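Quick heads-up: it's one chain on its own, the form predicted on its own, in structure tokens.
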Amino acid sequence: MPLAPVDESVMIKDLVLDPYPIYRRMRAETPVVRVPSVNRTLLTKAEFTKMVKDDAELFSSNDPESPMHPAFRAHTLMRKDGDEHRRERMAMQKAFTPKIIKTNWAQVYRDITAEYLDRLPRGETVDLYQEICGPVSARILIHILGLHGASDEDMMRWSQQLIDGAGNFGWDPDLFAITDRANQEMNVLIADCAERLRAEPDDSALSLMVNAADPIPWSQVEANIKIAIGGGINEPRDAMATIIYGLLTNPEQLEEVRRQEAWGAAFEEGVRWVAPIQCSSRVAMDDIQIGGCDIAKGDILMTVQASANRDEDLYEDSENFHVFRDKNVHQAFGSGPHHCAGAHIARRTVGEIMMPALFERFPNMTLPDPEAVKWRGFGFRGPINMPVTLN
């Protein structure tokens, strides 16, 4: 079998600005393709991305060339497999369970959402990305993790800096210098909060880890919290902004979502249409063939769930936002052992609480200029602004 073809035309900046036409071409012409600018073999079809994600023995998460390690200054659970991955994941998993969210935190999330919506001025145009999507996600995450004392601004800044560092496939040293400073700040906060939670335990993720009968090492407690900061803000933030855009640019769908109270379906379509986490790396642990191409042991693969979520084999009219699909088997939260631990939280907070509250408060909200919305990101993607008029 031949090696995967090489595409030297694709640059990281192209993927940051608008990857979807590139992925559409790749799915049709070169679904397995080596891209030198990111130093990985991209897999763009859903069957390939799921196969790789589901098989942790053949495809390891421990990518030795991932920028995640310098960005987080740690070997995080995202780059681990098997028992080691499971132990660190389970150390804080209880804080993310549906039962804990429903019984302990759901009303807190409703109160936070209402508080931030109360601040918005009716009749004016505001940037919901800055005023709601980011801050509400940050404030909810502070409660989930037990990081009381952190500001919304700190959490949003750290999250974005970690995301930029983890996606720094061009290995820009300036981005790693920024994540170094962010890590120092987060370490101080995490240590202070841990001391408080040892004295006054609660059901937050940090409290569960520091008060465990058999705790994981402190370095991994820090790493777990940072992983949650990196993913726990951008996923709900970007999902919410994407859904707002999708519904306001498709008013007939918005009307039907309201009529059926189909906010959960709107959430699933939003994360399918523009996956907040666009791609992930895996390392081939043996020689194998994918899509008729030889993959050598040690090759670094990139599963592009952003592309898999628009695979024409699974979806009709895949490039467009359509809430009421017959089926929506997206991979926005990954697949296999590394399926996103915060998926239930995102569904609960965005789909069940934040979206209904926003559209109930401002039933005639409009997006005056859809062209003004800017989308960015290769590893992580979403709108970076959302200027709406509140009515």
Partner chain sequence: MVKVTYVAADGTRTTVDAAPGSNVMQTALDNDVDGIVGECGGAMMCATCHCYVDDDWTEKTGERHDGEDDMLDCAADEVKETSRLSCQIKLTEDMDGLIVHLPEEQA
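Computed from a prediction, not measured in an experiment: that's the story for all the values here. Numbering follows the first chain given and starts at 1.
Beyond the structure shown, there is the form predicted together with its partner chain, which is absent from this document and is the topic of what follows.
Student: Using a 4.5 Å heavy atom cut-off, indicate which stretch of 329 to 337, 356 to 364, 25 to 33, 39 to 47 touches its partner chain in the predicted complex.
Tutor: Careful reading of the contacts points to 329 to 337.
Student: So in the predicted complex, does residue 130 come within 4.5 Å of its partner chain, heavy atom to heavy atom?
Tutor: No - in the predicted complex, heavy atoms of residue 130 and its partner chain never come within 4.5 Å of each other.
Student: Can any non-hydrogen atom of residue 198 be found within 4.5 angstroms of its partner chain in the predicted complex?
Tutor: Close contact is absent here: in the predicted complex, residue 198 is far from its partner chain, nothing within 4.5 Å, heavy atoms only.
Student: Would residue 187 show up as a contact with its partner chain in the predicted complex if we use heavy atoms at 4.5 Å?
Tutor: Residue 187 lies outside the contact set for its partner chain.
Student: With a 4.5 Å heavy atom cut-off, would you call residue 54 a contact of its partner chain in the predicted complex?
Tutor: Looking in the predicted complex, residue contacts with its partner chain include residue 54, since a heavy atom lies within 4.5 Å.
Student: When its partner chain is placed as it is in the predicted complex, are 93, 97 and 102 each within 4.5 Å of it, taking any non-hydrogen atom of the residue?
Tutor: Contact check passed for all of 93, 97 and 102.
Student: Considering non-hydrogen atoms and a 4.5 Å limit, which listed residue (148, 110, 75, 89) is close to its partner chain in the predicted complex?
Tutor: Among 148, 110, 75, 89, a heavy atom within 4.5 Å of its partner chain in the predicted complex occurs only for 89.
Student: Which residue, 85, 258, 143, 157, has a heavy atom that falls within 4.5 Å of its partner chain in the predicted complex?
Tutor: Going through each option in turn, the one that passes is 85.
Student: What residues in 346 to 383 sit within 4.5 Å of its partner chain in the predicted complex, counting heavy atoms only?
Tutor: 347, 348 sit within 4.5 Å of the partner.
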